[in-house]
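In the structure tokens that follow, the same protein chain appears in two forms, which are kept apart as structure 1 and structure 2.
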Structure 1
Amino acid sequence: MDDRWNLLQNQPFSRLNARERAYAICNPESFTELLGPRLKLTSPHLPPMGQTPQFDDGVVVGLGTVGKAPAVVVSQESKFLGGGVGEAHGTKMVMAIRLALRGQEILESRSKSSESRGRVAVVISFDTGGVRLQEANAGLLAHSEVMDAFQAARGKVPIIGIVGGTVGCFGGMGFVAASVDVLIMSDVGRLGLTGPGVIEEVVGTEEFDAANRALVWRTTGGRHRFITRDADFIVEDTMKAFREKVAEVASWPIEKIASKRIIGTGEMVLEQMRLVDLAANDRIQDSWDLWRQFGNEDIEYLWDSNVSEFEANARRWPRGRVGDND
């Protein structure tokens, strides 16, 4: 067994870099990186703006196996320009999804039995502030192309997203993460459209204090996203916990995976709008008010409990029937 792989399994997911996450989310010794640093794939837009490029452009892509499933893995590096997405970064993400689709086609051509041929999965580790400001137009285009690739993969290749890094997942990538089939978060992970610092700058400290860590995490953190069903699962902040949950989901039938999506059809958009309307209600002044609306009473106990207790006791958004339990 690979000693390095074993060591990484017990490490906090939030402390690992993109390459370590990509390597350790796969089965031991199964990960092979594609378009690695030796190929020196860099953004053409950064040097003219005085920025030093990175040879993988802040995203690691490779092949491996997760559980019994062949997988294409995408892992973003927040330490390079905050995980911002530009032209090369986005292209690697799109091509990874297309590679998975091509791999699935090959598997299907070799076997007529769906049980014997297996299914390719795409695993994306999000750790990004969104569009890279130095190449904003290219970054915005990349976001739309990634979401378009998700739609092309729908019902064919499962897209499994994970959020647990130090930056979290914000900006346009928040939309992208919401578009995957299944999203897994840790309780230290964060997900949102606009980052806390930007909210504070626009509306002021009295409305939203970005220095208030408790406020930030109960508004954008994994526990809140689990209750509102933006995240399907919440796990401990360990590499092992993420890997085991990804392997479990990758083993599901494609129909079960596709049923978890919250974005992609007109009906799903209307369902999300119901939650927006509820959150905009005058009675909802804080995320915990929303928790109470769903039937959670001992909020402080939920907040302070460990992840397994929280998952077992939290009452989640009942999808269109506010006030009912699951």
Structure 2
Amino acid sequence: MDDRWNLLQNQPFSRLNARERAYAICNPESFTELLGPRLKLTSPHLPPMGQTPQFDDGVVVGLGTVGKAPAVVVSQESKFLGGGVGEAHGTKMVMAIRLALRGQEILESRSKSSESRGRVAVVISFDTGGVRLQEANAGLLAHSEVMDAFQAARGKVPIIGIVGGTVGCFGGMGFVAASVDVLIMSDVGRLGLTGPGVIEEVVGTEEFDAANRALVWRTTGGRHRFITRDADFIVEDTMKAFREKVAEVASWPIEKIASKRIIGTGEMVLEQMRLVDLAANDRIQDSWDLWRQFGNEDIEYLWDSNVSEFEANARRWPRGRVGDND
């Protein structure tokens, strides 16, 4: 029995490091890291700036099994430079998705009992502020490479995203997370493009008071993202909760997984435009204004309730498509 794996399952996901998350999201003893710390492929750009590099460049990538599916796992480490995407970090992410596609092609090329072997899935744990400024240009380009790889994976390899770390998912990685097939968040997780601190700095405190933690969480936190359906699931902040949800989703047929997407087709653009309309002309001042519009009455109760109560009682954006209101 894998004691370390068992121990990790009951830990808060948010407190684990990227390697522990990658290891424990997979079935026991199934995770093999690629380009791990032993290869010491550190960023050559950081030392001249006086910044100590890290052996994995802030992201753990590896192969494992999730439930019955072979999986490629990407897990960002927010402790190192805020999870910022630099050159090596970015290329590791891009390669992970390309290799998942190759793995799937190999599975498909084996005629015999291909379905019983499962379908390769990509699992990405986002914990990042986006581009690493010390390697800004390479980081930016890596985002475009990841988005392209996502599009290449469409309908072939499902991409399951997780946002449950202490930094959350901001900057360019915000739209990468929005482009996955299924997104799972916890209460700790936050998702956005421009971080609260940046809005405050660029526009002013009257636009966004970044010191107001409650405001930050109700604007970017998992509960709000669940209500607007940007997050498909909200789970408890435990390793086990994330792992079970990922394994469940990975077992779905690819069509069902793809139906959870929020962007990526012309119809979805028009659908999202309806949500945007609700906010035009300053009609929305606060995320809770939206919650009310979707029929949530006792918002304080929803906010304070535990995750399962919240999930059961929250009224989500009626996306407008049949079968989406479950």
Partner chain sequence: MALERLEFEYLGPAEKGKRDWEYIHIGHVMSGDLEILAEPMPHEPGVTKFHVTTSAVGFGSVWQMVIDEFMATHKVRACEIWINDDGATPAVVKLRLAQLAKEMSREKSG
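Rigid core (definition): largest C-alpha set, two forms, superposition within 1.5 Å. Not measured: the values here are computed from a predicted model. Residue positions are counted from 1 along structure 1's sequence.
Of the two copies shown, the first one, structure 1, is the form predicted on its own. Relative to the superposed rigid core, Asn281 undergoes a CA displacement of at least 2 Å between the two structures. Relative to the superposed rigid core, Leu39 undergoes a CA displacement smaller than 2 Å between the two structures.
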